[in-house]
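Only one chain is shown below, in structure tokens, and it's the form predicted alone.
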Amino acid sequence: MATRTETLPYGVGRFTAGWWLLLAVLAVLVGWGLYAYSRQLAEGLVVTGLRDIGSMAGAAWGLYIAFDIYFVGVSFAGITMAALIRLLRLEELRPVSRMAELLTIVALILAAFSVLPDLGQPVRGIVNLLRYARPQSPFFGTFTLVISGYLFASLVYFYLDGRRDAALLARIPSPLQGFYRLWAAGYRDTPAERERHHRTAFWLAIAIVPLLVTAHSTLGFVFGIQSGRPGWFSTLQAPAFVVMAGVSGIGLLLVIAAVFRHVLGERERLHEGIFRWLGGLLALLVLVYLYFTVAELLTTTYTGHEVEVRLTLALLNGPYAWLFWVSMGALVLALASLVLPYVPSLVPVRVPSFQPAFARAAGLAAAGAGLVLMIYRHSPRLVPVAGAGGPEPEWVGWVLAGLAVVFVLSWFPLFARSVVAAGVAGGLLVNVAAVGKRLLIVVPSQTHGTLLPYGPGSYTPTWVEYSVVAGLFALGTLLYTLFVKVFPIMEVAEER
């Protein structure tokens, strides 16, 4: 029996020292995030950088809402890719289907947890949602379609997709045999059952795709239909939300696929064709999003209202300029990274050699500049009142951005030779851009977009908000890491 237990595929049931170490680090980070949240519950939102708009020159929505949008966006690509793989019979992408489905479920859980700390009094917020909910409000649609309907549909699809593998693994004696039998629920993978299962999953996939587009468009409408808030009121909000959701989700899926390709040694199943396919789709979506951004900027600066123009200038060369250009630069660098593997075959260019020492030096310098930026922003001596507007260390942000660009450029020769490395770089860069863009959507319209005669405000997140967000990321990684030890992350091969 011991021998059969070891045959569980893809490292299921095998716990290495490295895995336990990772688990311990993630548990510590989750605990730190819980501690930070406990301080917020005990002392109130005053321990965060969140303040009232206008009268307190602050922002009522900040890091929590920005990451709520980010996590919901990440969830979009996961289940969408899984549904499209089934509907369009994209057999080449089948190995990443379950990774995508799990990414969706974990991201939706994190999105729900991101909203709770922003409420201040979560129980009161949930109760009032049930008491005073208005079905015509985009907020209502977001909570019902995204958090409830979307998550439920994803869980059902995930369960059905894993049922066959659960039935196969239930035949192997192991400590998890009872769990697999429970998941299989009598399924034996006969031809008739396989056909019925395929038909059910197919129609569920058809139902999921429009639900996803509607859900993400609704989230965009939360901002896009607020006519009294320059920067948010735009017809492009809904489609831009959907496109950026695809960008961040596919980028993260590329990174996850590369991690499992390396950790599990599955170079044949997770072959380069998958990275080429996903990288091409990601490059296309990045191009579409850049087009949306240029169109939005041209419209607001050419014919926009006075406040709209002022807000746009704050993004282009004001207090948010460094974050805006870092986000745009990350998108452009990601696009260049994804295209680079094809350049030598298209045009006769001589790609210089990769210099690891130079890349490490640039990376260390960028990390050092980032550390200085964090200390500068949160030092009581330099910023007398956290969140109430202190001297903005813009030059540190520009130095950090410049060093980060040098760091990425130093890896370009490697990207030109490896489609996997290019995909990972592109995936990481678009997620940096996605976080930046979510912050730029949420915050500047509150600090610089008010129509009432208030002066410009500011928003600086505190250690509490950073810790809660770090704890959420650790929680998501922890859930993903635990799952892959109890169930195969890829479909089990036929011979089993």
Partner chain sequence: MRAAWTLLLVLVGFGLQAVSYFFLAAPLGVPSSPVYSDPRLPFAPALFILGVMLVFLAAVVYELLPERSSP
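Residue numbers count along the first chain shown, from 1. Computed from a predicted model, the values in this text were never measured in an experiment.
Below: the form predicted in complex with the partner chain, not depicted.
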| query | finding |
| --- | --- |
| Candidate stretches 127 to 135, 286 to 294, 272 to 280, 112 to 120, one within 4.5 Å of the partner chain in the predicted complex by heavy atom | 127 to 135 |
| Contact flag, Leu88 vs the partner chain in the predicted complex, heavy atom cut 4.5 Å | no |
| Partner contact for Ile208 in the predicted complex: the partner chain, 4.5 angstroms, heavy atom | yes |
| Proximity of Tyr159 to the partner chain in the predicted complex, heavy atoms at 4.5 Å | yes |
| The partner chain contact at Phe152 in the predicted complex, heavy atom, 4.5 Å | yes |
| Heavy atom within 4.5 Å of the partner chain in the predicted complex - the one residue of Leu204, Leu236, Leu313, Val343 that qualifies | Leu204 |
| Contact assignment for the partner chain in the predicted complex, among Arg267, Arg417, Arg196, Arg94, heavy atom within 4.5 Å | Arg196 |
| Contact test, all of Ser217, Gln226 and Leu298, partner the partner chain in the predicted complex, heavy atom 4.5 Å | no |
